[in-house]
Ligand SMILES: NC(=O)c1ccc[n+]([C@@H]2O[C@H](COP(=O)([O-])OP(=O)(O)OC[C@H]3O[C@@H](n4cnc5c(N)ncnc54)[C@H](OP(=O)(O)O)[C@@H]3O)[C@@H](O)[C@H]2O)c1
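First comes one chain, alone, set out as structure tokens in the form predicted on its own.
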């Protein structure tokens, strides 16, 4: 893939991440799309390239794993791709009573919603600062402003992102 400036979007294969990818593509922005392994990401990338004549790179990563966050950064640096926008959209939710939830599930939620967002922002900030204009969008939620039953841990992670 040739040089150019890219927007990096995590959680890009569905939902809000996919909508953000479509909006950025419509604005002729080259994209680096990151999501869990699955054919949806490649299908989206192909459709965006054909429809909008942009460059799209795909990375299948589990961002709950710290090493995968690091490898994403290092692979992009090795390719010498310029990044002017980081959209930290990847996230997990939960919808069970806290006492019924599993600790491992809460840990995954915290790893993705808090740790991956923090780590990717720190890793990419120096690359972003090399651009004349650069942006970071950390996707939170309205739940950061109020309590919902059975969403305590999720709400806490989204509050962190809001304040971060």
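Numbering follows the first chain given and starts at 1. Keep in mind that what you see is a predicted model, and the values were worked out from it rather than measured.
As for the form predicted together with the named molecule, it is not shown, yet the points below apply to it.
This chain is displayed alone, yet in the predicted complex one of 136, 123, 114, 36 has a heavy atom within 4.5 Å of the named molecule; that residue is 36. Residues with any non-hydrogen atom within 4.5 angstroms of the named molecule in the predicted complex fall in just one of 95 to 103, 22 to 30, 56 to 64, 124 to 132: 56 to 64. Although the partner is absent from this view, residue 90 contacts the named molecule in the predicted complex, with a non-hydrogen atom inside 4.5 angstroms.
Though the partner is left out of this view, residue 155 does not reach within 4.5 Å of the named molecule in the predicted complex, counting heavy atoms only. Of the heavy atoms in residue 15, some are within 4.5 Å of the named molecule in the predicted complex.
Residue contact check for residue 150: none of its heavy atoms lie within 4.5 Å of the named molecule in the predicted complex. Taking the named molecule as it sits in the predicted complex, the stretch 133 to 150 comes within 4.5 angstroms of it through a non-hydrogen atom at 139, 140, 141.
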